[in-house]
Ligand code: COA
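One chain comes next, on its own, written out as structure tokens in the form predicted alone.
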Amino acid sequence: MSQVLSTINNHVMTISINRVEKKNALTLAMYQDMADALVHANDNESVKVVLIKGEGEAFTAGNDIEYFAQRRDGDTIAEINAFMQALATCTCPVVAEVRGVAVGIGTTLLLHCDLVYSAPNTRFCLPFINLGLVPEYASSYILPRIAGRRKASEWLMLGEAFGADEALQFGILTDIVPADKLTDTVQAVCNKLAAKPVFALQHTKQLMSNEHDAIEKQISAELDVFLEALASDAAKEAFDAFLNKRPVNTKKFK
């Protein structure tokens, strides 16, 4: 079965991350499949709204660490960049349904969605620093602007998990919905959006996207440093410790 499911119903394209056994951790192929679905949504006049969700009990555990641990110098992450660009430039309103865990890009991608609804017990985390890495997907630009510099510094420099209440308070979420009502609530929101005049809906989104150039510039700058950080001794140590379930040797964090 495909690890990314894409369906269209009543003008809503639903993109479901479907790697349940790995808490929907993302591979390069999955990034490309999501990018392709988003491009198709832009090109398909019957699609008015995009919904992104995770199958099972998790939204996504973020990147599959095994890939990065095995990555060789010179390898690209073109598929990840393709997804980032496709989501950031999607002309349709994008709604996210979040439950369980939203780790790394599982949180940063939400910054590029228009409406985000979460179950109360969802845990969010931006653990880049703990892996010897730097923020990505313009999170170092967007988070200080929506949450304030102090809170963004806490999330990005400490890399500790936080809950849905905090995510709502500091602007990542639209609302928190009881877990048993989350899917129905999100579907109702998508249906309301799909019933709006398309021209006005898409241009309302476009008019609010008035920092696009700055965000694109930050995405590019972050990716350059991210790739450099991937080759560092700190990242290699963090990945090896994670995969082998052992304590990190912080003496290598130079």
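Remember, predicted model here, so these are calculated numbers, not experimental data. Numbering starts at 1 and runs along the sequence shown.
What comes next is about the form predicted in complex with this ligand, which does not appear here.
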- Residue stretch of 108-116, 127-135, 146-154, 82-90 approaching this ligand in the predicted bound form, non-hydrogen atom distance within 4.5 Å: 127-135
- Using heavy atoms only and a 4.5 Å cut-off, decide whether all three of E21, V101 and K245 touch this ligand in the predicted bound form. yes
- Which pick from E55, D64, E216, D36 sits with a heavy atom within 4.5 Å of this ligand in the predicted bound form? D64
- Item | in the predicted bound form, the residue from A234, I15, A25, V12 that sits within 4.5 Å of this ligand by heavy atoms | A25
